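The form predicted alone is given below as one chain in C-alpha cells.
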C-alpha cells in the first residue's frame, strides 16, 4: 500500500468530493508524483501513468499540470482553514482553544502528510491568479491563530509580546510536520498533535508564573 493509500485508509478519503472518479484518480496520482519528484520534475505523462490513464485522458479533466496543483492546494488549504476556524470559534479559554487548534492542525498535517507536503512546499509553482487565491486562504488561517494568541495575551493567559512573530513560529512548527512525518514512525498523528500543542502552549508562556 503506497503512502497516499495509507493516509486514506487511516484518515478518510480527503478527495471524496472530487468527481468524477477519473478526476479523483488524477488528483491522487498528482499528489504522489509531486510529493515524490517535486512539481517541476513531474510530467503530465507521469501523473497519467500513475492513474492508469493515457496523457490525453488527463486533459479531459485538467487543462494543465498547474490546474491540478491548484485543485490540490485549494482542497488542502480549505481544510486547514476549517480546522482553524472551528478551534477559534469554540468555547473555552484562549489556552484551550490554542491547544485544540494546534492539536487538530498538526494531526491533519501528519495524517495527510503527503498532501500537506505538496500544498505547503510547492505553492510557488502556482500561476499568479491561483497563487493569490491560495495565499489569501493561508492569510485567513494565519489570522485565526493570531487572534487566539492575541486573546490570550490580552487576557493575561499568555506571555506573548510579539503576537505576529509568535504566530509565525507556531505555524511554522505545525506545518513542518508534513516534511518529516511517516506513517511507520514512532508516533501517531494524535500523539504528535498532543506533543505540539504542549510545545506551543509553552511557547506562549501559558500558565507561567
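No experiment lies behind these values; they were computed from the predicted model shown. Residue numbers count along the first chain shown, from 1.
Although it is not shown, the form predicted together with another copy of the chain is what the next lines describe.
Q: Would you confirm whether the three residues 40, 168 and 187 all fall within 4.5 Å of another copy of the chain in the model of the complex, going by non-hydrogen atoms?
A: Yes, because 40, 168 and 187 each have a heavy atom that approaches another copy of the chain to within 4.5 Å in the model of the complex.
Q: Counting any heavy atom within 4.5 Å as contact, can you tell me which stretch out of 169 to 177, 148 to 156, 23 to 31, 48 to 56 lines another copy of the chain in the model of the complex?
A: Every other range fails; the passing one is 169 to 177.
Q: Find out whether any non-hydrogen atom of residue 66 is located within 4.5 angstroms of another copy of the chain in the model of the complex, and reply yes or no.
A: Residue 66 lies outside the contact set for another copy of the chain.
Q: Flag residue 144 as yes or no: does it have a non-hydrogen atom within 4.5 angstroms of any non-hydrogen atom of another copy of the chain in the model of the complex?
A: Residue 144: no, not in contact with another copy of the chain in the model of the complex.
Q: Taking any heavy atom pair closer than or equal to 4.5 Å as contact, tell me whether residue 120 reaches another copy of the chain in the model of the complex.
A: Residue 120 belongs to the contact set for another copy of the chain.
Q: Can you work out whether residue 138 and another copy of the chain are in contact in the model of the complex, taking contact to mean some heavy atom pair no more than 4.5 Å apart?
A: Heavy-atom contact with another copy of the chain at 4.5 Å: present for residue 138.
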